[in-house]
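Only one chain is given next, in structure tokens, and it is the form predicted alone.
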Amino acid sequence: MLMETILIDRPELEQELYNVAEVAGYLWEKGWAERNGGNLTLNITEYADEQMRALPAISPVLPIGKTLSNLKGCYFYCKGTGKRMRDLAVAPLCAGSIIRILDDCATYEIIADEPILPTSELPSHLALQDYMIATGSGYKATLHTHPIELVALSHSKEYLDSERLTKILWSMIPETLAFAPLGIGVVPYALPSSVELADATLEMIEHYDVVLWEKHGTVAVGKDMMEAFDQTDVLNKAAAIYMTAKNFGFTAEGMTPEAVQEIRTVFNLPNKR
């Protein structure tokens, strides 16, 4: 007998979670989501019909750790703490849950399908979601993962400067600038799941769509989960090219400033840096 699920008669929500599952599979295949590594959240408020809003909680009221005034009444899909991306890729609501933010904007409750506690890095994710709503960005997805080459670069002080690292990555292949036009911001090491890490990430996301946590991983935002993944993927590909050249015994010279400017012109990108 099949367990009743919130996805019944909600095809659009089901499709969104299918897309999330697809990304989770890619993360596992790339080796970016070892064991229970990485986490994600998706704003699904637009799919919250009257029946969903009337659903009773299946958990106690839980603290976010921050007061986020723009999230009142919002609904999110969240990967569960301790859950594996490879399992999420098969069954999103067996490795994650749907939560509702309460009117105090500082607490939440789980409403479906099972009382699976969200990721321990929920404060970081929801702070980003709050910022994205406040700025009218249209972004709904936040994605944290462990891209191997980008994390490797973060172990050297040489690459912990956001502007320097962005310029290196942009110059490796034309698509990097074209599809990650805001580059990558670097946040110094902070304890995972801490409010300090959440605050530092929030400061950096004002200028970048992808943030590299030193010696840890990346956080990306996007209109949907695939966009957040694609930007991370493009930047990590550039890092892999740069490191491959190093392994061959030389430093990649990168595209010339003139070539970079040409990409900006062709794709109508702002001269941000």
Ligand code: 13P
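Remember, predicted model here, so these are calculated numbers, not experimental data. Don't overthink the numbering: it's just position in the shown sequence, from 1.
What comes next is about the form predicted in complex with 1,3-dihydroxyacetonephosphate (13P), which does not appear here.
**Q** By the heavy atom within 4.5 Å rule, which residue out of Ser171, Thr201, Ser154, Thr119 makes contact with 1,3-dihydroxyacetonephosphate (13P) in the predicted complex?
**A** Looking at the other structure, the residue within range turns out to be Thr119.
**Q** Which is the contacting stretch out of 82 to 90, 174 to 182, 135 to 143, 104 to 112, given heavy atoms within 4.5 Å of 1,3-dihydroxyacetonephosphate (13P) in the predicted complex?
**A** Result for this chain: 82 to 90.
**Q** Could you tell me if His216 has a non-hydrogen atom within 4.5 Å of 1,3-dihydroxyacetonephosphate (13P) in the predicted complex?
**A** Yes.
**Q** Examine Thr232 and determine whether its closest non-hydrogen atom to 1,3-dihydroxyacetonephosphate (13P) in the predicted complex is within 4.5 angstroms.
**A** Answer no; every heavy atom of Thr232 is more than 4.5 Å from 1,3-dihydroxyacetonephosphate (13P) in the predicted complex.
**Q** Could you confirm whether Asn36 comes within 4.5 Å of 1,3-dihydroxyacetonephosphate (13P) in the predicted complex, counting heavy atoms only?
**A** Yes.
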